[in-house]
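One chain is shown next in structure tokens, namely the form predicted alone.
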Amino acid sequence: MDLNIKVAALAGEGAFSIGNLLAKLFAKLGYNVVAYPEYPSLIKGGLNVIHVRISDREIHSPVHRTDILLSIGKDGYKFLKNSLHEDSIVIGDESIDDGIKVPINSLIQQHNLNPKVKNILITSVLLGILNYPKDYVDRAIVNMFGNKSKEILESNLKAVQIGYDLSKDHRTDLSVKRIDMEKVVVSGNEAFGLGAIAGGMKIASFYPMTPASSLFHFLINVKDLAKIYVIQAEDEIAAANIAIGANYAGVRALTGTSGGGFALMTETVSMAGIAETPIVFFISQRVGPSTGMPTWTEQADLFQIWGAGQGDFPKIILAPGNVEQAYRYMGNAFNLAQKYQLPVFVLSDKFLSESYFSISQLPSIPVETGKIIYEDIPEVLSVGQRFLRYKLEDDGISSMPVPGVKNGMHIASSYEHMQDSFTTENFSERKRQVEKRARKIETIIENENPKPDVYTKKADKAIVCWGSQLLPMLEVFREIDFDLIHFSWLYPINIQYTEQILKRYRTIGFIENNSNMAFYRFLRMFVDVKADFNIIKYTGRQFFPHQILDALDRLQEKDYKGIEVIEEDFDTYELYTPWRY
């Protein structure tokens, strides 16, 4: 069983609600699920599509083909018909040209239903065709609408029954059944939020920006249960300053945005760099520059993050590749920020942030505070001396008392400083503080041992990817005679270990969701590596597995040399069509 269902409707008509319902229902039977939404930046109008893939084997990525199309309105069928195959099932209302036509309007009128139930009605036809247990659907409807009026709940339950009755005329060989223990469905951003909570975060400050916003929506929804504060600031600058203030006070705080919003946060990045204050930034990348295409995906912000803030200072950059890594890396980001007293950046993108995945369980995350001091310090200073907040330690990390700790008073400003924290423009002191901060890089590499993940077939060829492109590459990995190397820890780089890995291979290629091969160029700044080929895509969509396989076939004819630029060879319609409305 590997079934790809697409739900299509105009914005505001509930495509994503139905897609999420389907994902959760199939996960309840133990299936592996990936649900991937696509939509233009319109509140009303434009076509919304969610890909819901279910399988009884491990899956990681959406695929292009459409096995079942649920089209609410004619646009879904019109725009997605090129992805259909001869065995595809199409279910829609009276407006579709072909397939199972459900007379929604007449049924609503005939049974005196609330007009808003049309999505549930047409979805129930699909579930009936798949022989999905109806009692599970009824319970899901009660969970969805139990807090609404009795009329709305009963209308939706009646729509389910009508849909199942209609499905009896359209039985197929497809049939789902319980195959495993129930799984939970979470989005990438929900996994990031769960990781932040598990990692001890107590404050999240933000200003909304797609595709980062849904992380903070999730945190708002669980704030009472998780005992956290979530603050929507007046702008991104304030959001970042709230977070650095909280971290200075010893409270783990998160701020986040997308690339355009992060451009406003960089002054706070510099402040954290010189004041050596822990802070965690969540950046979910989208298509730029500037507003670009706000609801589509790309991996083009790496150099913005690495270069954020003027001057030299250490930082950590992480780019998880799936929901398990999103949870784990976000939780550990708060440990890293406090242990090394620096800014930590957790990079996602629209593809990972807004897609949904089934999971079984998530581990606990231990809390490590490093040299943050919460208890009073015994009075050992001589008269006139101050606590050495920026003491020249061999590992580059000085002790940091939080405000209120007795005998730990110090200044934390944006100015260069001496060991006792008072500002200075002494050249020798400046040199020593720069060197002290820089020593953190060596300490991080020694303590954390950052290295890429290697998925091996003991091949002499390897493909390198980073961040969310792990998802389609894990699908491709099954089909090719290549090793797969995935970087989720982007900086600092363990140069010796990374070179040792890359030198194993006769042929190396890089795959990236940007136009300038950003990570390949970034890696070459530190590591002696030369790519034989590059596969890049910058249409606004992530890679689909078949596109990578096709590119590798073309490269094989050229002895795996050169650059392959992926264009969409399907569904080249424009979802963003405001002129039509």
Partner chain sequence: MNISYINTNEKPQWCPGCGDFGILMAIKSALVNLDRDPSEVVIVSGIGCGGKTPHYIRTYGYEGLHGRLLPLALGIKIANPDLTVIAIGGDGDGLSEGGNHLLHFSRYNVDITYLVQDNQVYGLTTGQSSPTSHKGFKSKTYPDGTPIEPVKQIPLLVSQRASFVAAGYAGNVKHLSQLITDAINHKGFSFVNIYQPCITWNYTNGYEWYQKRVYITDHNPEDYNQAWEKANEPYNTNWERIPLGIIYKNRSVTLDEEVMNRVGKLAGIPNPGDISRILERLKI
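Quantities reported herein were computed from a predicted structural model and do not represent experimental measurements. Residue numbers count along the first chain shown, from 1.
What follows is about the form predicted together with its partner chain, which we do not show.
Taken together, 80, 101 and 500 are entirely out of contact with its partner chain in the model of the complex: none brings a heavy atom within 4.5 Å. Remark: residue 154 does not count among the residues lining its partner chain in the model of the complex, judged by a heavy atom distance of 4.5 Å or less.
Mapping the unseen interface onto this chain, residue 21 counts among the residues with a heavy atom inside 4.5 Å of its partner chain in the model of the complex.
Remark: residue 340 does not count among the residues lining its partner chain in the model of the complex, judged by a heavy atom distance of 4.5 Å or less. Not displayed here, its partner chain is kept clear of residue 505 by more than 4.5 Å at the level of heavy atoms in the model of the complex. When you look in the model of the complex, the only residue of 435, 224, 379, 135 with a non-hydrogen atom within 4.5 Å of its partner chain is 224.
Screening 489, 248, 477, 296 for any heavy atom within 4.5 Å of its partner chain in the model of the complex leaves a single hit, 248.
Note on the interface: of 341-349, 281-289, 422-430, 159-167, the segment with non-hydrogen atoms within 4.5 angstroms of its partner chain in the model of the complex is 422-430. Contact annotation for 217-238: residues with any non-hydrogen atom within 4.5 angstroms of its partner chain in the model of the complex are 218, 221, 222, 223, 224, 225, 226, 227, 228, 229, 231, 232, 233, 234, 235, 237, 238, listed in sequence order.
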